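Coming up is one lone chain in structure tokens, specifically the form predicted on its own.
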Amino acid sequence: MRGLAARLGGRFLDIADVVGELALFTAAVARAGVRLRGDGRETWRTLHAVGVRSLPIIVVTAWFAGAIAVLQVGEYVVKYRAYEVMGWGFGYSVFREVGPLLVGLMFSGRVGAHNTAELGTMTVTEQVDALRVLAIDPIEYLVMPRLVAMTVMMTLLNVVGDVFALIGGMVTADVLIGVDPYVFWNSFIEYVKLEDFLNGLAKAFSFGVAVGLVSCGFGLSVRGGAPGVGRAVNACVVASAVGIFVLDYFITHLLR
């Protein structure tokens, strides 16, 4: 029992240490944000790397996610002849949950992990220390451009993901279930509200901020050379996923 308690206590202290480091890092980023200082060229480069290069995988994933969602509910739509509510139910779930969560998890796995690996490598090779020697703040030069790019592109990619999920769902409903696209679209337009779309945008925005803070925080706190970079990337993916689901719960509760 004593050994179990010691392991649980050690795990709790490790989690508290990580949470404390992220809280201090978030405060430092907030101070830099208040000063509105950052590198414009690095921001544009990161916007392209984060958004444009993520577009193909988001489009493909969203399309098939929409198709799968239709296949899951198609049996019941046919059974109860509820064709007129197909577009509403699908659009509501995509805008509020499926779109933001799916894009957020894909974003954290691709962009967040890459960002942690990049910053972690710069940390262990002392490039970050070199910036400090040159009186360049790593938060302003490295973190702020990445945080802005991730937040903006996560929100925009969520919109793109919503569109292609709806197209994939509409095509699948027409081909495999026999729901006319006009019926699907009319149900979607009539019952899905603007607030459903804005709810998803709010979630995407917060997910982008969370992934940016977590990935940059873990990247700049790497210790232990190359193995440390690997551990940081793994921790970033896990922490980002947990953060996304926690934020999703609270935002859903606040905006229901």
Partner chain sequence: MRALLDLLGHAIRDARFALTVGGRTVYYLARAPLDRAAVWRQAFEVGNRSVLFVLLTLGFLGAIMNLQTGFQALRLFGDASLVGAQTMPLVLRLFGPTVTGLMVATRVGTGIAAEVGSMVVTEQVDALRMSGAPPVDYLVKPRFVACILMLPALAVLGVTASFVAGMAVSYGAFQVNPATYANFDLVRTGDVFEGLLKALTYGAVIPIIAGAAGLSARGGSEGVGQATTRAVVNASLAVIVLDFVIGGAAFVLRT
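Numbering follows the first chain given and starts at 1. Keep in mind that this is a model prediction, so the values were computed, not measured.
In what follows, reference is made to the form predicted together with its partner chain, a form of this protein that is not presented.
S.K.: Report yes if any heavy atom of Tyr92 sits within 4.5 Å of a heavy atom of its partner chain in the model of the complex; otherwise report no.
M.R.: Yes, contact at 4.5 Å.
S.K.: Taking heavy atoms only, is Leu24 within 4.5 angstroms of its partner chain in the model of the complex?
M.R.: Because no heavy atom of Leu24 falls inside 4.5 Å of its partner chain in the model of the complex, the answer is no.
S.K.: Does Trp44 reach its partner chain in the model of the complex, with heavy atoms at most 4.5 Å apart?
M.R.: Answer no; every heavy atom of Trp44 is more than 4.5 Å from its partner chain in the model of the complex.
S.K.: In the model of the complex, does Glu97 come within 4.5 Å of its partner chain, counting heavy atoms only?
M.R.: Yes, contact at 4.5 Å.
S.K.: Just one of Ile139, Ala113, Val152, Val183 has a heavy atom within 4.5 Å of its partner chain in the model of the complex. Which one?
M.R.: That would be Ala113.
S.K.: Within 4.5 Å, heavy atoms only, which of Val78, Ile167, Val85, Val159 is in contact with its partner chain in the model of the complex?
M.R.: The residue in contact is Val78.
S.K.: I have Gly109, Val246 and His253 flagged as a candidate spot, so tell me whether each of them has a non-hydrogen atom within 4.5 Å of its partner chain in the model of the complex.
M.R.: Contact check passed for all of Gly109, Val246 and His253.
S.K.: Judged by heavy atom distances of 4.5 Å or less, which residues of 206-242 approach its partner chain in the model of the complex?
M.R.: The stretch touches the partner through Ala226, Val233, Asn234, Val237, Val238, Ala241, Val242.
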